[in-house]
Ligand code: TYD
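Read the single chain below, which is given as structure tokens and is the form predicted on its own.
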């Protein structure tokens, strides 16, 4: 039996930031939360207003899975990796995202399902549709209102990240180039929600474009500034 689609019950807005490692999405996500909160919008979970939600993570189960995925054994079978990400995401959707969106809040995520599609589906060559299929039961029909894809050359991204980093960053340049190609494919497939933004500029210029795209998504959802 397919999972019940609960996405229609939400009154809030879901904005995700994506890109290769070192693209600057974590910095931009934090800046975006601050700017949206300054506009009077109810940003982040009610328990931690103004905060970014990182993924995987943001729940006790998700944080435990995050540790295994990013700092666990050097080799994890590709499908094991994909299923662990899907499990952490399902917990996040059920316990955090859907309740907060149903309450009308604006949520900014540092990664979401598109990362699995690019990293495991495309770069690990498991298949984008196949990885999406294993995530769908836990998503309950939830997809972002807006996905901001920061476009940065993987060479630049790895240099920004510095060193070997976590288990995924340690995969190296060839892997990150496949990830970048995967994200580009997702942008072509879902142009109605994926907004490509040049991340190879100053933090301030990128932030201005990110904010403009986010405010457009908020307006489209019918939320009023200062409400």
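Residue numbers count along the first chain shown, from 1. Just so we're clear, the structure is a prediction, and the values are computed from it rather than from any experiment.
Below: the form predicted together with the ligand, not depicted.
| field | The single option of 196, 181, 70, 30 touching the ligand in the predicted complex, heavy atom within 4.5 Å | value | Spelling it out, the residue with a heavy atom inside the cut-off is 70.
| said: Is it the case that residue 63, even though its partner is missing from this view, gets within 4.5 Å of the ligand in the predicted complex, heavy atoms only? | reply: Result no; residue 63 lies far from the ligand in the predicted complex.
| query | For residue 168, is any heavy atom within 4.5 Å of the ligand in the predicted complex, or not? | reply | Close contact exists here: in the predicted complex, residue 168 approaches the ligand to within 4.5 Å, heavy atoms only.
| query | Does the ligand come within 4.5 Å of any heavy atom of residue 21 in the predicted complex? | reply | Yes, residue 21 is a contact residue.
| Partner contact for residue 115 in the predicted complex: the ligand, 4.5 angstroms, heavy atom | Although the ligand is absent here, residue 115 would touch it in the predicted complex, with heavy atoms inside 4.5 Å.
| request: Among 197-205, 50-58, 30-38, 184-192, mark the stretch whose residues have heavy atoms within 4.5 Å of the ligand in the predicted complex. | output: Selected stretch: 50-58.
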